[in-house]
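In structure tokens, the next block holds one chain alone, the form predicted on its own.
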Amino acid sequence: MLALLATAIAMASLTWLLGWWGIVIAALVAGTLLRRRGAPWLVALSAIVAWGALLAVDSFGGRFAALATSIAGVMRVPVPALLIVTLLFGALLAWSAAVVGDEIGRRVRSTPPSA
């Protein structure tokens, strides 16, 4: 639970600073550092929590509903579907980067130290 929360905070912070690349960077690092089975799925869930929190914060601004309705209209999908797709996109980005990070971490840990 602590790993989920820490990863979600890192993802939200980096997304705020760097845009969507922040989630990829945070997931890559988390995938490398987390040494547990199923870490990519934990990172993907963290991405959903992080981006869900960012969307919730943005919704208090007052213009979020108009923007979401406008974008959903252009894409011809309902607003809830747009929000779900957005969260799933972040989860897919995070899962993919965490898988790569996990493999990097395994290779680094299994490489014998040079003499």
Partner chain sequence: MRVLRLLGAVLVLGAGLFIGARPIGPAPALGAFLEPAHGVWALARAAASPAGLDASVAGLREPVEVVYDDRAVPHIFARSEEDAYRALGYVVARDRLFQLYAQTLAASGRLTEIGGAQALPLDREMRQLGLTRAAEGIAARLGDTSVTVRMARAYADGVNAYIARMPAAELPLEFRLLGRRPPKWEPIDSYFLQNRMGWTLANIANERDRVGAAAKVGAAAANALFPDDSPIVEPIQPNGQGTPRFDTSPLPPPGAPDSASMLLGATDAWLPSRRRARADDEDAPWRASNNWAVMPKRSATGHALLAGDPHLDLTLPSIWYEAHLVVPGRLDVYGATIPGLPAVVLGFNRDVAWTFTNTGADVMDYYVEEVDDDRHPTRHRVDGAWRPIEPRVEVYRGQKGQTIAVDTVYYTFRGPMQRVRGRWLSLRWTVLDAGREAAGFIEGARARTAAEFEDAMARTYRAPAQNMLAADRAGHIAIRSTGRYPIRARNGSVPLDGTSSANDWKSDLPLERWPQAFDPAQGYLASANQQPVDPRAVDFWFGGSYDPWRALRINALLRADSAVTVDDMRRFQTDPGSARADLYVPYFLNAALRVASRGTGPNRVVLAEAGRLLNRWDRRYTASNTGAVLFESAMREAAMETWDELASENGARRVTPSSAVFARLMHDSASAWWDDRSTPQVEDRDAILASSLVSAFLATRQRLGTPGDSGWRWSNVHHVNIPHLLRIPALSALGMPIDGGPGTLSPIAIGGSNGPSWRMVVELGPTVHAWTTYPGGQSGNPASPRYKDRIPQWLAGTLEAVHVPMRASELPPSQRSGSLTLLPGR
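Numbering follows the first chain given and starts at 1. From a predicted model like this one, the values you see are computed outputs, not experimental measurements.
Here the subject shifts to the form predicted in complex with the partner chain, a form of this protein not shown in this document.
Problem - Exercise: Ile9 in contact with the partner chain in the predicted bound form, heavy atom 4.5 Å - result: No, Ile9 is distant from the partner.
Practice task
Evaluate Thr32 for contact with the partner chain in the predicted bound form, applying a 4.5 angstroms cut-off between non-hydrogen atoms, and reply yes or no.
Solution key: No.
Practice task
Please check if Leu67 has a heavy atom lying within 4.5 Å of any heavy atom of the partner chain in the predicted bound form.
Solution key: Judged by the heavy-atom cut-off of 4.5 Å, Leu67 is in contact with the partner chain in the predicted bound form.
Exercise for the section: Evaluate Val57 for contact with the partner chain in the predicted bound form, applying a 4.5 angstroms cut-off between non-hydrogen atoms, and reply yes or no. Expected result: Result yes; Val57 sits at the interface with the partner chain in the predicted bound form.
Practice task
Sequence order please: the residues of 21 to 56 with a heavy atom within 4.5 Å of the partner chain in the predicted bound form.
Solution key: Residues within 4.5 Å: Trp21, Val24, Pro40, Trp51, Leu54, Leu55.
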